[in-house]
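Structure 1 and structure 2, given next as structure tokens, are two forms of the same protein chain, each shown alone.
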Structure 1
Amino acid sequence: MSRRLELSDPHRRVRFGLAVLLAILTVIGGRLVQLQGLDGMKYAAAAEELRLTTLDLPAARGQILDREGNPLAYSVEARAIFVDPELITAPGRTALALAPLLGESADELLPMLTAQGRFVYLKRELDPSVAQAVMDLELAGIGELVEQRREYPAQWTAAQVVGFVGQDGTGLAGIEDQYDDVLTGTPGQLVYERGRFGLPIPAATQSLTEAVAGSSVQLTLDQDMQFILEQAVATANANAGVSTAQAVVLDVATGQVLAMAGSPGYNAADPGSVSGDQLANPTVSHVIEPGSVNKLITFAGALEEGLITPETEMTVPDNLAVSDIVINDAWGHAPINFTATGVLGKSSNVGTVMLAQRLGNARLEDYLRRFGLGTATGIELPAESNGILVPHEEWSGSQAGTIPFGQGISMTVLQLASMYQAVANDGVLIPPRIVDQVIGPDGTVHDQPGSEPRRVIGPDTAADLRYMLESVTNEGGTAPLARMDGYRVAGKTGTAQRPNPDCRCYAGGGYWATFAGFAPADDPRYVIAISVEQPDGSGHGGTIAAPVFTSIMSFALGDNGVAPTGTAAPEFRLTTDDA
């Protein structure tokens, strides 16, 4: 009764109702403050997190171009197909469905589909169209990723220079390796809010960091000349007993490398198919003992120091004792009254050593170093060798007798070409370079600093040397095979003994046949150096290397429209018996 009485009291009733209402409101209000105020930021962030999606935008790797702008390496968009093995319910059926599209057998795919873990690449570097066909199958647990694939359209051509990239897209050899930083771009990112169907929500938060493509590298190589050169070294390599042949073409006026290769080479699009030691660029990383092509420097020194002129007469026997060894000429003969030109033209070792003795070891070493031997040229390629040139104080007695004609000293074929470039270029050596320019993603051209030309001999000495070198390819010289119809050719042959790696001696090591020269002799445009390594052969520079020279040089001159100079070669006086 009393309770009824209490409730029946309107004042109490109102106050009671108010208290209940206030209590409910306090609870609701408190919760509101908690959600909106205290934890508000957290919930808003979590909600945005659900909608926000980050899309990585890969940056295109720069191209590698030849001097004409033909692409030697470029990147295309590709896809990788991966599997989350935990989501695969019927591995056998999935493998059978994927096999024809991926070009693999189901047996090969099966272990990947049942592997441990949650991510396995099934196949990489696929064409997007193939990947689309795979995704259209709508198989659970199979996904695709965007990636890049490197294309080498010229395949074998210039592979040793261009190099290749690894699966992660970093350069592993050649220019791809040396210029990796330049070629690699900066990846971008797109962050956007995503709606229910994965579509970007219009007018919502978006932040786009554009990917910046890598710069392109333009080489000084001529793709066509490179192809011809590779054919020529392959032809030389086909001779009996030849293990490898190498050649380098330089532009006389600029020192730029127009073509370079060593056989057998490899396919840049498939570097995995050959052994690792075949992936190098032997023209810069492999040293040879040059043989008689090195006589050039002995003569350069003797001429420059005024010890001889091309007409200086000297009586040369066919052997000469130096320290503990006897130097022989390649052929036996009674003492001959040579001119200096004749000593070079006939390639007399004894005559050359007689000149070197007048020059002295210190001055000889000085000239060798002036011509760049013993120091890497600084070309923009990885793993360049310095060559081997011991200081003259440490020369053994026999080395002092053999270095003048190119034994006991080692150089790369590139260094050999560079030596002759200096003579062809009036005595100014321009260290060879192979990168012409770097082109930014926006098309701006960054010229490369280039190399510092340096005078190694006077212009008169260079002119005398050109005259003497031309006698080599003319009547009585050692390289009639280097002669070309219509053009005057200057050059020098070499045949060096090759050390036998088994006994660390020369016995049974075979030979290097070398040739270096330029044309036209009276207005040189191109220098070519060649080395043919023959562990079992016995070909001479004049017979086995000179033909390689003419096949490359005739293409170089004809393709670039170099007309014969129309002048006739002078008469060469090789011995005093000549008129």
Structure 2
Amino acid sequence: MSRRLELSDPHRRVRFGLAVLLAILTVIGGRLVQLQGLDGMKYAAAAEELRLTTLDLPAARGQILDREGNPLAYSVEARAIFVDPELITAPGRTALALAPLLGESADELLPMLTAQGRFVYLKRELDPSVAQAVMDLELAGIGELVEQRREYPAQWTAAQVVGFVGQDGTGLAGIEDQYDDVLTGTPGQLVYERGRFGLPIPAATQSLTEAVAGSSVQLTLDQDMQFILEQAVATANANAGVSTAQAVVLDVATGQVLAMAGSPGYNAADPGSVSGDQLANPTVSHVIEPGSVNKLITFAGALEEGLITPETEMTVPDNLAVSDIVINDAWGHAPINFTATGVLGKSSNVGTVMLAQRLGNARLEDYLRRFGLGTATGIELPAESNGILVPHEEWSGSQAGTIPFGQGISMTVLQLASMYQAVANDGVLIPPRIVDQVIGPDGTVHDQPGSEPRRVIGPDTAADLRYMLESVTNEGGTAPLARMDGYRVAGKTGTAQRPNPDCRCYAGGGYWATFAGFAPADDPRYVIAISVEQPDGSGHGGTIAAPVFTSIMSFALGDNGVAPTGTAAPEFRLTTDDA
């Protein structure tokens, strides 16, 4: 009996071992069935997911165009070269291979190739051909991305209007900033399986969503006139003692901005080369005290209220006490028997204040606000200033004496141009605009509605003002340098004290020399406003600013085929002694 048990023990061990092996094989088989059958699809999908790469496709940014369709800003396709430092095994050799293609030294590239992290830009905004040459090297850890490079073919011209974009393509100034959402398109997306070096596997799974380009913005600017204006303000800026010069050109009938700039400007293709305070558009964001160009509004109110006519006679002394100050004319004189036209043509501060006293502070403030002072024009540009005009109830006694001739208030040069546009346009102010239309990527044109025109004075008052302003540029007026052969010109000079930031007073602050006017005076087409800032100078509007007006207006009339004036200028009676 014991012998049979001994013989049967090995058989039992074998059977037990087989049972265990079968159990293990059953588990493994079941698991294989699960992996290959039940879970096969899931793991295959996971494996594919590991090979899939999603690539964002940048959308082309819309163009910025002048009124004739000339491009002021557009985008071209470019490439960025990047590195995954963890995949770099020989940084020295890699740097030497990349240096000549990227235009950098190996020493400059080496810290980027050995940096912490998985992604570092080596070079951006490269031509695609250069990027292709880099990728042809088949260097581990080096990749490329598609991006856009912004081009500004006019460079300095209209840069303050057009603005510029940042490295990420986002608008940072000017129209680029204000219309960033319009100019920016909708990015696309490419999903593909990658193989060696991250390159797409031919015929493998791909999904493509096309990018949609941004819309283009067409401006009202005339590129040629813009260039001439910028040359004119740069010439004025070159005069001794001048720190800045600004100018704006408006179309009288539409209020459209044809040109605007301040100097010194900047190159939109290289905005980093100047300080940040030079990147603004001063014609809309910087305020000036206008000086005697603001007398336009005092006279507009007096005419509109029936207090004067152009022939009204006034005996004007050379000084007048107002509250705690004494108002003086720019030249000493015995009492003069002026006409109202003569007070404006000769730019008498005393005579202007006398008219303002007849009008009263409340009515004067009303006309100042009618002409847009203290309120932004609403032009389609960022950082526009409202200017400064406090309510008349808060005017000090001295302000009541200085505001009528443009001291103690502030405005932008664009607001100044808009004031004169209203007079040139028979008393109807059309808020200035600089965007004409938006053009979709499919070519659809969307005209941009402007603000509603508003009447600020009656047409008879406007006609009287045009007559009186024309006296300024004729014999006996303060702006003979604004005359133009063959054309009648109307306008007004101004010279305003500039606040001194060191003492918060006017002493030692210098001056603003201004001029605003239009031509032809008998059939106005264009309005131009000029401001020349002189922290250390004392030049007057008639000698510093009027010549800038003449150089710009001469081009505007000639280039646009405006025929010379067909009528002679009227005779102007400035004093009662004149015939």
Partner chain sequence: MSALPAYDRPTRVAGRRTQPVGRRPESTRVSLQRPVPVTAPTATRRAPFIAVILLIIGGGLVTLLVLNTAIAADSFTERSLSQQIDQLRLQEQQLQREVGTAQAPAALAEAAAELGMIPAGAPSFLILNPDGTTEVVGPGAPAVPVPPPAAGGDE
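For clarity, a rigid core is taken as the largest C-alpha set superposing within 1.5 Å between two forms. Start at 1 and count along the sequence of structure 1; that gives the residue numbers used here. Fair warning: this is a prediction, and the values are worked out from it, not measured in the lab.
One chain, two forms displayed separately, with the form predicted together with its partner chain being the first of them, structure 1. Relative to the superposed core, residue 446 undergoes a Cα shift smaller than 2 Å between the two structures. Superposed on the core, the two forms barely differ at residue 505: its CA moves less than 2 Å between the two structures. With the core superposed, residue 116 shows a C-alpha displacement of at least 2 Å between the two structures. Relative to the superposed rigid core, residue 104 shifts its CA by 2.9 Å between the two structures. After superposition on the rigid core, the Cα atom of residue 22 is displaced by 12.2 Å between the two structures.
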